[in-house]
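Okay, so here's just one chain, in structure tokens, the form predicted alone.
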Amino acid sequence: MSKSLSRREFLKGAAAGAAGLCASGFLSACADINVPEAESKTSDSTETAVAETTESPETTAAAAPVSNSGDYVLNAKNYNQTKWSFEIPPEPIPDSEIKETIEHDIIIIGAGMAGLVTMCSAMEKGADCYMFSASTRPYSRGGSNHAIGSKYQKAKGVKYDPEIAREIVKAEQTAGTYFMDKKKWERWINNSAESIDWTIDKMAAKGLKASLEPGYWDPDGTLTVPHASHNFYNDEQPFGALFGAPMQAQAYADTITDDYHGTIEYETVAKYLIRENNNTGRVSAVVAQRKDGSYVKYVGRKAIVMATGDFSTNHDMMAKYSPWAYEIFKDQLKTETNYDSGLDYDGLMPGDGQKMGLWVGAAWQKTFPNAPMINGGVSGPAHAVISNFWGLNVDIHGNRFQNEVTNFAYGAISLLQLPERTAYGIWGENYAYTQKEWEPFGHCIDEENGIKAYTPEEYIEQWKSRYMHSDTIEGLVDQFDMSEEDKKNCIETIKRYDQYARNGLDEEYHVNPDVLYPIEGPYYASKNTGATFLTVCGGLRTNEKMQVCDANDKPIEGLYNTGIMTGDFYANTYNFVMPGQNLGAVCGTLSYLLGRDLAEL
């Protein structure tokens, strides 16, 4: 990490009172997953069952034993011969039922951020594009766009370029155990400044202002990242960090239709791709269904681009490709799709593009499992944006369970491992005075976007209405949902932590002494159960040019995908260590480069 940003300078810009930022998760209890019974082939790709079992004389007898309950039992010999429902394509629509054929050089499926950026970039270079989308309007969610070396960062005196980012990128790729595709990362890192500068200009032309969110200061340096997330806002909606993306998407759509005279057709759902030469040649078209039930074929003379979002509302796909996240969140994930989903924590999209790609021979990404986007952690007054609460964290038995100084994504992962997936954050009123002022989440480096910072006294008043509190430790802990024995243990844990802080040495989890604070009354606490699940990342095997590939890593001619569905960009879990990476990288830079490349076909 560059030494140009001192701790004092970082704290001045990045300190944030993010109490309330980490929303409570809608968590369900664990349940055993039973292996579904084999069923007859169905053309309905949304059925939640294993749909077909392929048997051979060599494996049938030994590989498909049947349990006493009659369930089909998977084993090492037959597990990859069983097809899930989403792997079975629907029957083709008869030509007589296809009422219209629309032909352009480039057909883009999906009016989310990635599709819109791709089309805007391509049309700017003169490409002939047409877009259709299942949604009723342009859509996106959140608002943070991570970029490295933008003109806005330079104007604000933020030193951040690919050389400075080297340590951060290496830490991120290490966290993903190097499973991710470094070629795609290289394209993002080396082109993100150009991409975000282009975005800033496009947004300004439609009346949106840019702002720069605080980074994250880690006293140990491991997770530190400078001010890197750009968001966009206007006077009606100044909170760009959470709500800027829908306005950004609309601005791209307006640029496409008003400035470039392009067409975006809504409420039209893609059904399947057409690949020539008996599913071995070029992908040349896609069949879709409009709101009125009629079918239309979109022919792409040069390319079909899928930007259809994630697969979190497809329970079968979640169970196969992101099983640990599915086991935790399955009861909260909806089964009906809302193609206009915003910041919904019950699933987003049904994996339309991923399924269509599989049906024409695309391979799944190499990284397993697919990375979920989870956050939450332990809430409480925070010293850094997207922070886990840095005071005392305990489980339902009153025991500490981690070094508390981490971000809210890693904090959430730790919390999900706990009994009842529940934790408490505990602190004293003196914690308010560890900073001169507390800036709420959403504070940006933007003089026009002045968001009021709270004094310690003002912040304390907020705590009283938001959190459990008491004048005594015993009175505070008595409000916890713990057994009497666990409450006694919790009190001892609080006192032990307080003594560590006074001694300046955490003998258990070794919190950095710079942020190890005594716990002095009056006392406050938060209860945190579960975490938030927003999306699942990845899908089809994708090379650095955003071409969809088969099992031999050979690009399928004419077929591309981009955005959150890009395979092998993330690994393990989306961790927010580079905040705004998704919108900034796969939805932003890589989609911008894809549009430019397509225009040169």
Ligand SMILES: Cc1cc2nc3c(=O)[nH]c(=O)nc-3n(C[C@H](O)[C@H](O)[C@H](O)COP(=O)(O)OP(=O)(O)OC[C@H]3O[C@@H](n4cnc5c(N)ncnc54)[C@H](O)[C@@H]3O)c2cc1C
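A residue's number is simply how far along the shown sequence it sits, counting from 1. Here the structure is a predicted model, which means the values were calculated and not measured.
The protein also exists as the form predicted in complex with the ligand; that form is not presented, and the subsequent description refers to it.
Relative to the ligand in the model of the complex, residues 308, 352 and 583 are all within 4.5 Å by at least one heavy atom. Comparing 135-143, 399-407, 456-464, 275-283 against the ligand in the model of the complex, the single stretch with non-hydrogen atoms within 4.5 angstroms of it is 135-143. Residue contact check for residue 587: one or more of its heavy atoms lie within 4.5 Å of the ligand in the model of the complex. Within 4.5 Å of any heavy atom of the ligand in the model of the complex lies no heavy atom of residue 394. Within this chain, residue 360 is remote from the site of the ligand in the model of the complex, having no heavy atom within 4.5 Å. Although the partner is absent from this view, residue 564 contacts the ligand in the model of the complex, with a non-hydrogen atom inside 4.5 angstroms. Only one of 519, 270, 251, 531 lies close to the ligand in the model of the complex, with a heavy atom inside 4.5 Å, and it is 270. The contact residue chosen from 97, 344, 167, 474 relative to the ligand in the model of the complex is 344, the criterion being a non-hydrogen atom within 4.5 angstroms.
Taking the ligand as positioned in the model of the complex, the residues of 81-113 that bring a heavy atom within 4.5 Å of it are, in sequence order, 109, 110, 111, 112, 113.
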